[in-house]
Every structure is written in C-alpha cells, then in structure tokens.
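In the form predicted on its own, a lone chain appears below as structure tokens.
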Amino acid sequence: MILDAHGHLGPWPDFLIPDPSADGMVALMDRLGIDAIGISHLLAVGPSAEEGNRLAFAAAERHPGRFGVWQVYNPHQRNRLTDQGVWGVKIHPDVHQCPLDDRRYDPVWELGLPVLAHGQTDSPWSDPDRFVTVARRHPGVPLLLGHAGLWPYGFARAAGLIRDHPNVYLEICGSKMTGRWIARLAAQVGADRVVYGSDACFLDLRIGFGRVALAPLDDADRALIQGGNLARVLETTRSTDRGTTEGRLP
C-alpha cells in the first residue's frame, strides 16, 4: 500500500497550482499507483479552517478510500475538531504565526491523534527544535515533522534533534528534497521514522512520488517510507473509544 502523508486541495493566493481539484488528484494517483493521500484544504490552512475542513471532508466523501483528512486547526479561530473519520490534525505555525510549542495548540495535542505540522529550519514558529519540545510534553502523540525542516542545510540537524524522540517522524516533501537525502535521513534515524509525502497539489505529485520511487533504498526500506510507517501510525492510534474509524485507511 502506497500512502502519501502530505497533500492539499484548493488554490493558494500567491502560488500557481495548475489543477487544485480532487478529481485531478485522483487521476494522478491512479497513474502512479498511490492508494491514498492525506489532504488538508488550502482554504483551511489559510483564512477559514471551518469551511476548508468542510471541503476536505466533502472531497473524501466523493472519493471513498482515496483521501484521508488532516483537519486543520487554527489557534486564532479555535475551530472545532473531531476524532472520527480523520487521519489526524494539520497545523501550520508559519501561516498561523503561532509557535508550534505555544499552549494555544493544546487542543490539538489533547485530541491524541497524529499531527502533521509544517516544519521549517530557522523559522521562529516551526524550527525542528520546537518539535522536540512538543514531543517531550506529549510522547504519546505521533508528530510528523513536515518537510524534514524544509531547507537542505537543516535536514541532518532535524534528524539529529528527533532521533531520541520515537513519536516524531520526518515527512520528506518539498522542492529541495532529493532521493539521496531521503536515503541519508533513513540511515540517520532509521527507515521506520521517515514518511513519504508529496505536498501535492501545491507541488507536482509525480515529482514527489518519483523522489522516493527512485531513491537509493532497498525494497524493504522503500516500502516502509512509501506507506508502511504511516499505516502503522494510523493503526496504532485507532481505538474503540473514538467511535468509527471509517476513513482512516483505504
């Protein structure tokens, strides 16, 4: 099973996205053999978390089993969250201008679901060292460090910072990532701590997938990164007291 941890739908005001639609995303997924992709709607990341989340759920309903929803939480809007039928929560400290370890994000950690967060080396909001702070406070919450720190000069540092915090995973989407860097990160923290993501439709799904498909990895490590690790995280966090698990895995 190939699972893409980091996807989006919808437009963004200052970035060209040729096809922001769910139908276009599924067509590309079918061409590449990707079973499911975790999505947050860019409207939710930006001005309206409630409306953007509604659009993400609607897309998942139209394409059963193909989209897992990362519901966005905006700490300024304090929008409602659910623990049913989702992959977890998406937060973007840089867009929100709220540090990852700020207490205003406490409702996210208290939910106990996996969290995908934008991570950016040297950002005052999302530098990887803030992920360590959160990991220490909430060791039971799986935390995906989006973009593995974003900038190549920070990849190795991000890996070093999270190595001793087993609930933090390096999610490797981004235009600066390469197949060689993916292999280096897997060697540094273990292939079981690296998660494939593409940032589609923000970035081209074909390029993001190709980096992992052609990375210098053995087949077992590639399988973990392409979906095995994320499947394990999603299965581990399922529990009967959260109601339905429909929509968690295809």
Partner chain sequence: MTDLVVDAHRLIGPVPFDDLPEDPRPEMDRLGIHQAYVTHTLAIHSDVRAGNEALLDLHDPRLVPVPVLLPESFEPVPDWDVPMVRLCPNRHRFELTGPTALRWLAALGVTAAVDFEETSPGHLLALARELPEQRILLLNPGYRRLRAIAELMTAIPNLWLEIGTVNTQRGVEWLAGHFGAERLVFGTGAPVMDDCGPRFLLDHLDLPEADVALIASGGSLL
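Numbering follows the first chain given and starts at 1. In this text, all values refer to a predicted model and were calculated from it rather than measured experimentally.
If you look for the form predicted in complex with its partner chain, you will not find it shown, but the lines that follow are about it.
- For the residues Gln84, Ser175, Thr133, Gln77, the 4.5 Å heavy atom test against its partner chain in the predicted complex is passed only by Ser175.
- Contact annotation: its partner chain lies within 4.5 Å of heavy atoms from the stretch 28 to 36 in the predicted complex, the single such stretch among 187 to 195, 28 to 36, 56 to 64, 43 to 51.
- Mapping the unseen interface onto this chain, Ile225 falls outside it, with no heavy atom inside 4.5 Å of its partner chain in the predicted complex.
- With a 4.5 Å cutoff on heavy atoms, Ile17 counts as touching its partner chain in the predicted complex.
- The shortest heavy atom separation between Val69 and its partner chain in the predicted complex exceeds 4.5 Å.
- When contacts are judged by a 4.5 Å heavy atom cut-off, Arg180 counts as touching its partner chain in the predicted complex.
- With respect to its partner chain in the predicted complex, the three residues His96, Asp101 and Pro166 uniformly fall beyond 4.5 angstroms at the level of their nearest heavy atom.
- Contacts between 194 to 219 and its partner chain, taken as any heavy atom within 4.5 Å in the predicted complex, involve Ala200, Cys201, Phe202, Leu203, Asp204, Leu205, Arg206, Ile207, Phe209, Gly210, Arg211, Ala213, Leu214, Ala215, Pro216.
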